[in-house]
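Shown below, as structure tokens, is a lone chain in the form predicted on its own; questions about how it binds or moves come after it.
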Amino acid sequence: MTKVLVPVKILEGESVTPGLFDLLSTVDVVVLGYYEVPDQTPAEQAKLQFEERAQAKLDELRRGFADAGGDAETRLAFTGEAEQTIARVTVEADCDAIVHPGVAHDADRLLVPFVGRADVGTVVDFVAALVGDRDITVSALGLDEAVSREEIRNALDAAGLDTADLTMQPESTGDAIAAIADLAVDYDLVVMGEPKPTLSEWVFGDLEDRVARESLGPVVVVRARD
């Protein structure tokens, strides 16, 4: 069964919107509510102070997934290293993808950009499991010069996504985030593969984080498997 991790800053107003509840109803969900403990504050002290309120919010999110027809387990963490905690839980729970929550009121249209040498087959298989037999429009966007139209189309067809639109814009590789952000406004969510690190990503931040900030909608990042 396909499984995704939804990390939520549980005490900072971050939540899950209706479109994301609906979209993830076909997969197993792990909701990680986390609170990044300030420096000089012991994690145990923060837990004693905030655990009850944080758990109540997590329970509310779990009910949201159940109401949408899905299934979710929850985990709660008080941590001084949020990124490491998210990475650890992703591996421990064997999640196939991580969701950057954003605002999505519907889940009717998905944009699937291929950039950063992501594994085409892994991403497409994940999208097929996510969509299932629902009437969701899938539009693929080829931005990687190393990935051909034929490779993407063959993967889409093999996964049963033969009605997906496919647009190639390899010339946008140098400004991939801008290309994704321009198109993402017409879609409910973005699903993309985990990019392999490049110098620019180290300098300017993780690619998927930047896409999430630019698009303002949820971004589902499919993990690269070794």
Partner chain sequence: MSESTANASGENRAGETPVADELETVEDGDVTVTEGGTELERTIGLVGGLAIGVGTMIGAGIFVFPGIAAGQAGPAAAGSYAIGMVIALLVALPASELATAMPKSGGGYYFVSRSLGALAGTVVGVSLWLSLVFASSFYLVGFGSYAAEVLARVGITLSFSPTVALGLVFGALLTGLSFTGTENTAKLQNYVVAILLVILSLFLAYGGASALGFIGESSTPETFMPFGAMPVVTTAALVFTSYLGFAQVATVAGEIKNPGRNLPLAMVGSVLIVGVFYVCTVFVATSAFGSAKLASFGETAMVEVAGSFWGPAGAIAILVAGLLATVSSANASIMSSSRAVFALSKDALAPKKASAINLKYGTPHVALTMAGVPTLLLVASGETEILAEVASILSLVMYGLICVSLLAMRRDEPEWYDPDFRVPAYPVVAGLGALSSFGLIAFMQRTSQIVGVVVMLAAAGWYYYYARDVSLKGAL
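Since the structure is predicted, the reported quantities are computational estimates derived from the model, not experimental observations. Numbering follows the first chain given and starts at 1.
The discussion below concerns the form predicted in complex with the partner chain, not included here.
Although the partner is absent from the chain shown here, none of 26, 61 and 103 has a heavy atom within 4.5 Å of the partner chain in the predicted bound form. This chain appears without its partner; in the predicted bound form, the one residue of 175, 182, 67, 44 with a heavy atom within 4.5 Å of the partner chain is 44. In summary, among the residues 186, 51, 165, 157, the only one with a non-hydrogen atom within 4.5 Å of the partner chain in the predicted bound form is 51. Shown alone, this chain has one stretch from 148 to 156, 134 to 142, 70 to 78, 120 to 128 that lies within 4.5 Å of the partner chain in the predicted bound form by heavy atoms: 70 to 78.
Not displayed here, the partner chain is kept clear of residue 94 by more than 4.5 Å at the level of heavy atoms in the predicted bound form.
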